[in-house]
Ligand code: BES
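Starting off, we have a lone chain in the form predicted on its own, written out as structure tokens.
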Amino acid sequence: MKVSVSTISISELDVDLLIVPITSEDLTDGIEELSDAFGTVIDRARTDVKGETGDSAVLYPESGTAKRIILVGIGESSSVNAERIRNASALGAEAATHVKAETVGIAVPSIDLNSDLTAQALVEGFILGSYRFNQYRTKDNTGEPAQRLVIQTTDQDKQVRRGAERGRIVSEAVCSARDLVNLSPDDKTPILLSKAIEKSGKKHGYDVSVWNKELIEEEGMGGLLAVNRGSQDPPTFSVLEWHPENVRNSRPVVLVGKGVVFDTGGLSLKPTKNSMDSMKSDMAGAAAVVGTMEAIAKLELPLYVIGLIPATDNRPGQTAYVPGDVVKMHSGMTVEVLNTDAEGRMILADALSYASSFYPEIVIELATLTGSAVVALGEIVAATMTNEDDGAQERIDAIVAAGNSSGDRVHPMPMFDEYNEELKSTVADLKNIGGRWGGAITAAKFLEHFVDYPWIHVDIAGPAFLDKARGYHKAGGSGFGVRLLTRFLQDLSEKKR
């Protein structure tokens, strides 16, 4: 989608649809300007639109050059934030698709939010709200999204342009992640996923190297190889690298994404309904890492960043690993397998162990890891945890702040040492599952055994894949994590100026 910024007056903006976010105060204090621009139709709209969050009405103006206007409520001006702006913009995107608008304008509202962030939120809400995944449809009945988006502003032009461009780049990266998650499992075997990552790297300007099964065996990634034993397709391990000349960090930030391209549960077989039927999304962590690499490369972020993606499916083939198996991991530790459906932590443990070879400044790992995280927090936010050392609170504060700013919100959970009791094995160093309670935490405690550096774990099982649309999120893959990681890295880059 082409995104531009215009300082032309609102009455002269020639578009098929003009989106006008309004606060509840606008209907009493600021309606005159709109009435002057578009006629008495604005005054008559007060009957249907009060400016409250979610209010909307499509109007056909008596004057001005816009063919249609949609007024979208964003609530009281004192409580407007970026997330409300995104959702209002997404409502406008739905209207644009409905009326088949090719060109759409959005007026930057006068609110107490900096214009850079406001413009980014407007663009993000519109592009993400316009998203359609139609690759497998023989008939497209979802409507075509707009081709051109114009952000209309009257001042602070440079800030608006900067925010709008960032919003476009980040949103397109989120859509890339959504596309990967929504692909049919047949179209994203580990090898096909690695080829898609290589294609992404060539297109967006970051480096990719892919390990085949032989290299994975040489490296001794026992967890990844164990999970792969029941599969007909070999595993891959992709290493993504963004290393511009003007980096501000000597030691890299490493991003790790779970790449289970389909999860049957293995011999600990999942039920199909409400479980296995959405397991093409079990590589959403990997998709988030890919989308983030695309975003930071296009933003030319001056940080050295590495992405690690272990990829396999988890199937109950004839040679599948079984409960009771003891697996020697990349780190040298041994793990007693008691549930083959706890496979994500097995492949992530190897990737986290390998990450040590880069002497990272920090490692952030994302995974659709546990149903327990969904039980605890639902689909709205992801769970986040970190290894408890002197910098733990600073890391948690940073990832929470990035989530609140980006819209990919996270909530911290405890990592007390007592949870390690659940992972003690009678035959190996660890077992791969804890007890019935606190499963999201014991899964994180399992992974903690394989890190010797500052580490943030994000369990995205809840928000990564949605059964029904919500706001600017469509049903299916949400692309959760791309905006979170990009914002975190942007904040880190700013601290290093």
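Remember, predicted model here, so these are calculated numbers, not experimental data. All residue numbers are counted from 1 along the displayed sequence.
The protein also exists as the form predicted together with this ligand; that form is not presented, and the subsequent description refers to it.
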* **Answer range among 167-175, 187-195, 361-369, 129-137 for contact with this ligand, defined in the model of the complex as heavy atoms within 4.5 Å** => 361-369
* **Met221, Ile347 and Glu448 all contacting this ligand in the model of the complex, non-hydrogen atom within 4.5 Å** => no
* Does Asp341 reach this ligand in the model of the complex, with heavy atoms at most 4.5 Å apart? -> yes
* Taking heavy atoms and a 4.5 Å cut-off, does Val247 contact this ligand in the model of the complex? -> no
* Counting only non-hydrogen atoms and a 4.5 angstroms cut-off, does Asp313 reach this ligand in the model of the complex? -> no
* Using heavy atoms and a 4.5 Å limit, would one call Glu124 a contact residue for this ligand in the model of the complex? -> no
* Asked: Among Lys213, Lys298, Lys270, Arg229, which has any heavy atom within 4.5 Å of this ligand in the model of the complex?
  -> Lys270
* **Of Ile42, Val458, Ala461, Ile70, the one that lies within 4.5 Å of this ligand in the model of the complex (heavy atoms)** => Ala461
* **Members of 432-448 lying within 4.5 angstroms of this ligand, judged by heavy atom, in the model of the complex** => Ile433
